[in-house]
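Read the single chain below, which is given as structure tokens and is the form predicted on its own.
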């Protein structure tokens, strides 16, 4: 990827998408693979030259991600940081769709445009991952990779492998539990279970093949298996479990929590003719449907 800009332009824009974890959460923090897909909802960053550094981002929950990105970018590429940054978003940070990573990546891309710096996707990932690690101290980087590469990717911790998959139009329903969870706290508090992680790895490898083949029935079965293992890890909740149960009862191929757990969202793999029934079932147990498209 090359990011360039017309010369003498003092204001630029860039964007990056949110994400959904399909398979492999938690295990990926400990060196195991996962599969993540980007969503249609995006965060947008506008950068213009200014007489001082200023950030206008009322919808960004933690400005440190923007500030640290500018700091590290300025140090790496030897540019000044006298800029005004404005952001806006298609989605709320409460949904756990990776807003922190998306705004980090979008800021890097906008700075590259502003200062006319050519940069590869891997360079964007490496810098974005450094920002996330600096602030959160933990994390595998899968959400950063999803914001950079988009589509659906097979990912191994810290970007050791970032493999785009040929997967199109995964028929997902996304339900929000109504509870915002702290990913950082859940990951820090989790006691690793290598036996469970090994089982999750096998599911990820099988899902990699079934998704590419558009074998939704098999992919749904693997989602159910992955969710059971996440329950064993203790990261699911009664509400998430109920949402997954009713989705499957309403005709979904499979369902699981998506992300760190403890709240936030679940996903269900659903044939188009059963989407409305599954959505209604999730709403009837107190879930909120998140209307985004995946695998952009």
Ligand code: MEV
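Residue numbers count along the first chain shown, from 1. Since we're looking at a predicted model, the values are computed, not measured.
Below, we turn to the form predicted in complex with the named molecule, even though it does not appear here.
Novice: Please identify the residue among 60, 29, 250, 229 with any heavy atom within 4.5 Å of the named molecule in the predicted bound form.
Specialist: None of the other options qualify; the answer is 29.
Novice: Heavy atom within 4.5 Å of the named molecule in the predicted bound form: which of 99, 219, 140, 107?
Specialist: Exactly one listed residue reaches within 4.5 Å, namely 140.
Novice: Are 175, 265 and 268 jointly within 4.5 Å of the named molecule in the predicted bound form, each by at least one heavy atom?
Specialist: No, none of the three is in contact.
Novice: Quick check for you: of 80-88, 99-107, 203-211, 179-187, which stretch puts a non-hydrogen atom within 4.5 Å of the named molecule in the predicted bound form?
Specialist: Result for this chain: 179-187.
Novice: Tell me, yes or no, whether residue 22 is in contact with the named molecule in the predicted bound form, where a contact means a heavy atom of each within 4.5 Å.
Specialist: Because no heavy atom of residue 22 falls inside 4.5 Å of the named molecule in the predicted bound form, the answer is no.
Novice: Under a 4.5 Å heavy atom criterion, is residue 246 part of the interface with the named molecule in the predicted bound form?
Specialist: Result no; residue 246 lies far from the named molecule in the predicted bound form.
Novice: Using a 4.5 angstroms cut-off on non-hydrogen atoms, would residue 66 count as touching the named molecule in the predicted bound form?
Specialist: Residue 66: no, not in contact with the named molecule in the predicted bound form.
Novice: Taking 4.5 angstroms as the cut-off for heavy atoms, does residue 260 touch the named molecule in the predicted bound form?
Specialist: Yes, residue 260 lies within 4.5 Å of the named molecule in the predicted bound form.
Novice: Going by the named molecule in the predicted bound form, which residues of 53-69 come within 4.5 Å of it through any heavy atom?
Specialist: Nothing in this stretch is in contact.
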